[in-house]
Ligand code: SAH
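A single chain comes next, written as structure tokens; it is the form predicted on its own.
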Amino acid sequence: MKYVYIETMGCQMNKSDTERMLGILSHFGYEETHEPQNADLLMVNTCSIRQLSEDKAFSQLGVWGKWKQTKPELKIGITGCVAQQKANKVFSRAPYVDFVLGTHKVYALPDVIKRINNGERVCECEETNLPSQNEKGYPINRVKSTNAWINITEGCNNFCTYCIVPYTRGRERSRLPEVIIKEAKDALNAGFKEITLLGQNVDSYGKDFPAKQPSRPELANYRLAQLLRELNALEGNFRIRFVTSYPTDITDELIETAVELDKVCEYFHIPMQSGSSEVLKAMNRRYDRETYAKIVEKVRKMVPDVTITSDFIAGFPGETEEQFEETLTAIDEFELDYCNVAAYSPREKTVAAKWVDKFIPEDVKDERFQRLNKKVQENCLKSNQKYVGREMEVLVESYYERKGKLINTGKTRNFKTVHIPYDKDLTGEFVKVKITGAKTWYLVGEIA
């Protein structure tokens, strides 16, 4: 038996890819270890959305490279978005790396392992138009939890001027519905209580079927709403979520379907990125502030008790102070329940990275980032306070001990985190909870 350790960085898509790679490796005699010092194979599954993420990946590789000096048989690999972006360049920066595996090549892993064990150094980063679906039926070694991540699309066609995803994940490719449904069934049979459908632009699911599946005419109009209906019909008590939504791709049919289906949760993640229409245009987003406002208003009107979260970037090239303040007012105006925020980071190949003369000074960018964080905290607390005194269903995800007391923690249907003091581990159970308090990032409750 050989042991593999994978350090996963970045988004849920990377976490899902790691589970697939662990499943493939288990089929070929590797067992996962959580102690990297004990591993025969070390892999870092990388994110390149920001420069800091890329630097962190190479820093980790550097540590492992030193280990290899005393353990020359150790194999080291890099996968994910940095691997796809850098390809053969990785070897010059990190000569101790044995293989580079791009985002399109997860299922080439068995051949790659065979080749590096024969002394080769391998780079597999060619792009492909095929979806990364589990064609060969390898198992998926899912992290033990309540929630199973399932990729339904890969890549993105939007080419926002700040975003590297189309260059690392490629163009949009939808996985076949029967493959997704089988993975969902397998996850539910394994005891998972929540299915989260993943995509860089999850609402565009199925749009590529007419061109790429001409032999399957029944898929010509198959979209996310249809997939949700089929998943909702599966037996069992479980929840369904989907992320991430592109604002203008949220159709009335999708919203109506989310309301109609009992297992689909009242939660939409709708990235806005900036509250300024001028900045949105420079970002190559296909909407302005007014359009985004109408979309959010429609979702709130049609989906009772919905939670809407978003993403924002501070210090985009050319952003003025007035335009930044429009972002702050947008968070208030649209009553966004929570937002992921980041300072702009130029990424290789993207259009905005070439606008060096428009770059915001680092101190100004950092100051805006801090103000944006403060605004998010204020609104998150305000959102949470609305639920004090209510009774809500919570799916318990884990527990921890604090000052000798057991605390269960889980999520409501509308994605609010709840901490529940209780003397028993309730992980995996749906429980009725009365909300007794609100903090910035979570609610406090007691078993009803």
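The numbering used is simple: start at 1 and walk along the sequence shown. Everything numeric here is computed off the predicted structure, so don't read it as measured data.
The same protein has a further form, the form predicted together with ligand SAH, not shown here; the description that follows concerns it.
- With the partner removed from view, the residue among Phe334, Tyr162, Phe369, Phe238 that has a non-hydrogen atom within 4.5 Å of ligand SAH in the predicted bound form turns out to be Tyr162.
- Contact with ligand SAH in the predicted bound form, defined as a heavy atom within 4.5 Å, holds for exactly one of Glu127, Asp288, Asp311, Asp111, namely Asp311.
- Contact annotation: Gln200 falls within 4.5 Å of ligand SAH in the predicted bound form, judged by heavy atom distances.
- When contacts are judged by a 4.5 Å heavy atom cut-off, Arg347 counts as touching ligand SAH in the predicted bound form.
- Not displayed here, ligand SAH is approached by Ile49 to within 4.5 Å at the level of heavy atoms in the predicted bound form.
- Within 4.5 Å of any heavy atom of ligand SAH in the predicted bound form lies no heavy atom of Gly275.
- The chain is drawn here without ligand SAH; in the predicted bound form, the stretch among 355 to 363, 93 to 101, 181 to 189, 336 to 344 whose residues come within 4.5 Å of it by any heavy atom is 336 to 344.
- Contacts to ligand SAH in the predicted bound form (heavy atom within 4.5 Å) from stretch 224 to 261: Thr244, Tyr246.
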